[in-house]
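We begin with a single chain expressed as structure tokens, specifically the form predicted on its own.
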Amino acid sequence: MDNPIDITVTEEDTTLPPQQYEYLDHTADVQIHAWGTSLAEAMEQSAVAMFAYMTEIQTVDSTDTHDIEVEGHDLQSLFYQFLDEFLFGFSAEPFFIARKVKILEFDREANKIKARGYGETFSLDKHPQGTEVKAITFSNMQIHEKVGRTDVYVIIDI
């Protein structure tokens, strides 16, 4: 859901974190492996990886924002809903593609997330079309949390 108030994108909002994701071979789809110092950071990286698979991410400017709120019944369903809601924002109005994703609120007890994507409306005039992501899957979804590092794995249907 878009934030009804006018949000000014600051320089800090557009500062990109280092890339902490990779694409792993999978029979018919693509597996994203993302990591970070926390689950939130690993999830943010996985969302950026998904968008980077759909276009050359360096062509996306962080001139606008798109907010989402999701909940799940456990961490895996929350992770699924998080990615699925960003995918929906790309696949339908406002056709938003994020270059950076930031989780603003993460309630692990209630399995709820509020997040903001920084990017712009996708345009074929500006953004090279990569591979279409049809859906997020639960297949082989993994979350591995250790002290100082969290790894997440998700297969996206292409």
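The term rigid core refers to the most C-alpha atoms you can superpose between the two forms while keeping them within 1.5 Å. This structure is a prediction, so every number in the text was calculated from the model and none was measured. Counting begins at 1, following the sequence as shown.
Although not depicted, the form predicted together with a further copy of the same chain is the subject of the following passage.
The closest non-hydrogen atom of S139 lies beyond 4.5 Å of a further copy of the same chain in the predicted bound form. The closest heavy atom approach of A110 to a further copy of the same chain in the predicted bound form falls outside 4.5 Å. Remark: T121 counts among the residues lining a further copy of the same chain in the predicted bound form, judged by a heavy atom distance of 4.5 Å or less.
In the predicted bound form, no heavy atom of H127 sits within 4.5 Å of a further copy of the same chain. Residues of 42-69 lying near a further copy of the same chain in the predicted bound form, listed in sequence order, are Q45, V48, A49, A52, Y53, I57, S62, T63, D64, T65, H66, D67, the criterion being any heavy atom within 4.5 Å. Fitting the two forms on the rigid core leaves the C-alpha of Q20 displaced by at least 2 angstroms between this form and the one not shown.
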